[in-house]
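Quick heads-up: it's one chain on its own, the form predicted on its own, in structure tokens.
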């Protein structure tokens, strides 16, 4: 139980949010409302899987939301051209892979700091998305029925895919040499290099994987709303907050997928309730920021004797 003490702490915070919601407006906890709001959790959850791997290596990816927007536009352009559904989805995923591979190449092989790389591509991908949209359709494209049924139909493909990727990512981190290598890179990259860990290769693939997840998130978003450059706007705040709140150290070397999942749930439920009850976007940002600070301080003073060990 001691090993999962922080996860229990997060469960307690989630319980506090639910308790406050029950007191202020019990309707928020009703089955219908929760099912309606749950559709918005999948993009956040998908992006946090890749971000967890990146932050464990002491990296960062600020461009996930922008890559998601670019992927959504590529999906919309393919649908606007009346291409088959599977080809539209493939184009979206390839766009995400390409965006992630560019980040990974610059970070892993060109040795550019990930903050600088992803800050640059944050603006670049969003600019490409808005430019392509304005130069072609100049408006969001409604998702075709094929995409809607693919990602949000009666067969819950996106939740099942998220569950499968969550299990795969958890196994990668906890049961493979590659996962141990990621932790080692986060602890001490120089020591990891002398240990023979393929640092560049691992970094390249985790950023590429994050790009692929951005493509999947874009399909989910476009199926619910529309294929637009607005997809993933400012989602970076929630993604990074969920991962850090989940116990992954921004300094690298520590983190678990279980904590990330609880962080996603905590961020999602908090944001949705504040939006539901007060309907003030600025208040939502204040609450999320406060929650992030409290979670980080709680972990540091209650659970972490050494900032890089659990």
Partner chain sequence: MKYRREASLLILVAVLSLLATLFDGSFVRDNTLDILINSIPTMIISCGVMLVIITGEIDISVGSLLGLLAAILALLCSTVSPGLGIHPYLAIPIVLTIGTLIGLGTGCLVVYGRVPSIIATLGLLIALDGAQDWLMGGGDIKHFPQQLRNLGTGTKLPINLIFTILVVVATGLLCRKTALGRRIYAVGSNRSAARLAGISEAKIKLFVFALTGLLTAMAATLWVAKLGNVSTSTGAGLELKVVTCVVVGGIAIRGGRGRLLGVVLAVILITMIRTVLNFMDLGSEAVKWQRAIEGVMILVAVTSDHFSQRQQSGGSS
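All figures in this text were calculated on a predicted structure; none of them were measured in a lab. Residue numbers count along the first chain shown, from 1.
Just so it is clear, the following notes concern the form predicted in complex with the partner chain, a form of the same protein that is not shown.
The chain is drawn here without the partner chain; in the predicted bound form, the stretch among 90-98, 159-167, 205-213, 103-111 whose residues come within 4.5 Å of it by any heavy atom is 103-111.
Taking non-hydrogen atoms only, residue 240 approaches the partner chain to within 4.5 angstroms in the predicted bound form. In the predicted bound form, the partner chain sits within 4.5 Å of a heavy atom of residue 124. Taking non-hydrogen atoms only, residue 84 never approaches the partner chain to within 4.5 angstroms in the predicted bound form.
Looking at residue 244, you'd find a heavy atom of it within 4.5 angstroms of the partner chain in the predicted bound form. Contacts with the partner chain in the predicted bound form, taken as any heavy atom within 4.5 Å, map within 114-130 to 115, 116, 117, 119, 120, 121, 122, 123, 124, 126, 127, 128, 130.
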